[in-house]
Ligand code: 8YV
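The chain below stands alone and is given as structure tokens, in the form predicted alone.
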Amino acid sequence: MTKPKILIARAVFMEVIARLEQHFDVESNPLDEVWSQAQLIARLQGKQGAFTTGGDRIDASVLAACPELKICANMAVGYNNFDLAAMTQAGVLATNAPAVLTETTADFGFALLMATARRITESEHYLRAGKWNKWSFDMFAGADIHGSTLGVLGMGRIGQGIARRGALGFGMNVIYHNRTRLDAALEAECKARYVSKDELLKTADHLVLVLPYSAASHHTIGAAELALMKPTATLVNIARGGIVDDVALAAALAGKRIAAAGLDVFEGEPAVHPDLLALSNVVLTPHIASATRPTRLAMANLAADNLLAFFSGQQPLTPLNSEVLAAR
């Protein structure tokens, strides 16, 4: 029996590739090349499935050029690289990799919050540059985390993980805003209080962004929103680039309209706006919130599980457009 053909669009764990090779005719990308759209289309010719990452754009033009494609399994919880409406119209299933990265990403979000509030990156650069020659009472004096007000914008699994860490670990007063309010039991578990978006912005000492990216959430935090925040506040983005207007944020940081920011994601990444690179009061990391080996392996295996289930006629674990399955 002929094996289905799949493309693994970026380099992944060898054990995951070996697992997929037992069931599929696999073309992989061991050199981890970042393909153009034209190159991706060329590689997808004759493929029925694709193992994708967040940088692999699947849109109407790709789908039109790859009529044999039936499923794209994303090794990411976010899926703004998928044109979901176009995939559904073309009858191509989309899957993602949620849940398995929740706790690791929440850990990192809190680490980034702490580094930002306590000026850890800034002070390390100062030390490495040989500038530390005496103690002073206000040297790199940052903001307290314990007992402060933590604001969470986007209260899905990761947002809830951030809230629990803040409330239970640091005695923070947790407030949140979300498209849909959590039920009372979940709010109690997270020790979090629902507020309006404006109240969240005005009240939070530390604001963490954990909402999915979409056209509706583009520039959710711009100049007007930053103007509502306290001048002593910090902002952390572990969600997606484009949720924050990076130009407006750089201007707010340069003008000390907010105290500091911690960013793991950027508009147009891997490019980072030069205005952000020039600032000392921003902690910058290269989209690594889920980057532990166990978590990334779990994400890759979940993408593989979705491919295996789909081609064996079973229900994929994490479909994004289940209506495609109903039409099979």
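All values reported here derive from a predicted model rather than from experimental measurement. A residue's number is simply how far along the shown sequence it sits, counting from 1.
Here the subject shifts to the form predicted together with this ligand, a form of this protein not shown in this document.
J.: Is there a heavy atom of residue 296 no more than 4.5 Å from a heavy atom of this ligand in the predicted bound form?
T.: Answer yes; at least one heavy atom of residue 296 falls within 4.5 Å of this ligand in the predicted bound form.
J.: Can you check whether residue 240 is within 4.5 Å of this ligand in the predicted bound form, heavy atom basis?
T.: Within the cut-off, so yes.
J.: Quick one: does residue 222 come within 4.5 Å of this ligand in the predicted bound form, counting heavy atoms only?
T.: No, no contact at 4.5 Å.
J.: Using a 4.5 angstroms cut-off on non-hydrogen atoms, would residue 94 count as touching this ligand in the predicted bound form?
T.: Looking in the predicted bound form, residue contacts with this ligand do not include residue 94, since no heavy atom lies within 4.5 Å.
J.: At 4.5 Å between heavy atoms, only one of the stretches 30 to 38, 47 to 55, 276 to 284, 60 to 68 reaches this ligand in the predicted bound form; which one is it?
T.: Of the options, only 47 to 55 has residues within 4.5 Å of the partner.
J.: I need to confirm a contact call. Of 175, 90, 77, 248, which residue comes within 4.5 Å of this ligand in the predicted bound form, counting heavy atoms only?
T.: Exactly one residue meets the criterion: 77.
J.: Considering 253, 101, 111, 117, which brings a non-hydrogen atom within 4.5 Å of this ligand in the predicted bound form?
T.: Selected option: 101.
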